[in-house]
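Next up: just one chain, as structure tokens, the form predicted alone.
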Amino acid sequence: MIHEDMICPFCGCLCDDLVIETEGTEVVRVDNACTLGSHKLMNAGTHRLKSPIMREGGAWRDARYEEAIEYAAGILLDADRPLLYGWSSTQGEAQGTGVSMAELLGGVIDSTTSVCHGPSILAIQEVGHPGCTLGQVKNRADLIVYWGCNPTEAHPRHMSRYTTYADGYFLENAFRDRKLILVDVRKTETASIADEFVQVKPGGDYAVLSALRAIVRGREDVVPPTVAGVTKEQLLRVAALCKEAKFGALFFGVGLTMSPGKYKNVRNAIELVDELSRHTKFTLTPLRGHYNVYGSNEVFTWMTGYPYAVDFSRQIAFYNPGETTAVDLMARKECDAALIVASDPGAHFPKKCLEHLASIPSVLIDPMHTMTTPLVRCQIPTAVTGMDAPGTAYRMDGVPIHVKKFMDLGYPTDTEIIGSIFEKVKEVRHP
């Protein structure tokens, strides 16, 4: 069977033009997807857990869904400071139920934002977000700036759908007219197609952004001959390209958010965009990784007022990144139970945090074995959103998209499992 106009559930691009061919319960062909999205869809049905598993006597045993749900509700109810973490690769409906459950438990709910684009949100909260949709970029932008990211390998279709290789409605010859600037600490694949590659010394992003702001403001006289390894001549050339553009779009990745300076880097980038907008039209967009990490920020914000790291232990929503973020809670050994949903902290968290995770009661909700599996006491497999589960996801530019399912393998969805755990919690807290 051929399924057209399907959504790719891999990265924040949420490409919506996939053509997927299935034979029975197998995906046999995926057209229009990048290597990463194609690999996820082609293999999503072959490496799944068949049923929940629970650790017993140092070994795994199969369990029924009812038993695993009862266990998950029990450890959360028994905990003084439960942590509900992840939420970036699941549908918005599950995220909403998770927030309600965290509030009833008096726990902390955090998403993977705290280890990727959390600093971007802190900067946006201070000075605003001069953003636009990816459609605006595709049809109008004649200058693209990628800063601290490598879309060729991390977001392979970003350039073909929205920037370098995409046709633009208001550009006569988009491929030839559109310029590309890459700023990074190393020469990546993206650098080979850039019109201007600016190689910054590690930790030098803030200084380079400040120098560009001075030049755009007409104060090139205060800029030294070199800034963080970049010559003044190249900085002048980059500033001129930006000011001469009719519509510029700056995209940035964790190379900017997680390098020295963190949210101050992003704030400086936003203020550079503000300076450039005195001369032309310029916008800024974070390149988000997980396909619905933006959705977690949206859902958390419209339910609690805060985008991530929300602590309900005071019976009201409280937010203080650095204190209520998952890594900090685990490093201080503060949380005494954990529900991990659609994420893999075992692959990304510091060793100290993982040692604590392995020492407390914990449940992982994920379709497959991951690096987090050996650290938890129970794992519940669920349907894969965009394959055998529908749901709502937010693209990296904040546009909500309905993700469709194209087969049914009999697994419950994340929303159903989390909803069942929430019902058990309500039976005790609100009998």
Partner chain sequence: MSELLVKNAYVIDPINHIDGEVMDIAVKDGYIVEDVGPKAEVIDAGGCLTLPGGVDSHTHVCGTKVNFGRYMSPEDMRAGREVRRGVKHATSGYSVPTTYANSYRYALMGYTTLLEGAMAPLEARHTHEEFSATPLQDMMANTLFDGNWGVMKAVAEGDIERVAAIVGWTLSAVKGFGIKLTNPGGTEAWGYGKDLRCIKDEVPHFGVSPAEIIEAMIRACEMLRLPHSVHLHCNNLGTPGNYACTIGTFNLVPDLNKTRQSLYATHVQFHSYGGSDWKTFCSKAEPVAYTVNNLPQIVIDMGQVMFGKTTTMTADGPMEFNLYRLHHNKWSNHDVELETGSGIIPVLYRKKNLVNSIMWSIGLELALLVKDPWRCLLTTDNPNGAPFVKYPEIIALLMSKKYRDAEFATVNRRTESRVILPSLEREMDWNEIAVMTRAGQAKALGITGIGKGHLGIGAEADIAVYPLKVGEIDPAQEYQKIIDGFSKTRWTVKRGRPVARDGEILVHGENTTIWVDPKISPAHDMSRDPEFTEMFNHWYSVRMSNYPVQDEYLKRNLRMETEATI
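Residue numbers count along the first chain shown, from 1. Not measured: the values here are computed from a predicted model.
This next part talks about the form predicted in complex with the partner chain, which is not shown.
Heavy atoms within 4.5 Å of the partner chain in the predicted complex: which stretch among 311 to 319, 257 to 265, 150 to 158, 191 to 199? It is the stretch 311 to 319.
Consider the chain as shown here, without its partner, and state which of Pro350, Gly128, Gly229, Gly74 has a heavy atom within 4.5 Å of the partner chain in the predicted complex. Exactly one listed residue reaches within 4.5 Å, namely Gly128.
Ok, Gly391, Pro367, Gly37, Pro52: which has a heavy atom sitting within 4.5 Å of the partner chain in the predicted complex? Checking each option against the partner chain in the predicted complex, the one that comes within 4.5 Å is Gly391.
I'd like to check something about Lys246: if you look in the predicted complex, is any of its heavy atoms closer than or equal to 4.5 Å to a heavy atom of the partner chain? Lys246: contacts the partner chain in the predicted complex.
Give a yes/no on whether Arg278 approaches the partner chain to within 4.5 Å in the predicted complex, heavy atoms considered. It does: once the partner chain is placed as it appears in the predicted complex, Arg278 has a heavy atom within 4.5 Å of it.
Mark Tyr291 yes when one of its heavy atoms lies within 4.5 Å of a heavy atom of the partner chain in the predicted complex, and no otherwise. No, no contact at 4.5 Å.
is_contact(Gly203, the partner chain) in the predicted complex, heavy atom dist at most 4.5 Å: Judged by the heavy-atom cut-off of 4.5 Å, Gly203 is well away from the partner chain in the predicted complex.
Could you pull out the residues of 386 to 404 that have any heavy atom within 4.5 Å of the partner chain in the predicted complex? Contacting residues: Gly391, Thr392, Tyr394, Arg395, Asp397, Gly398, Val399, Pro400, Ile401, His402, Lys404.
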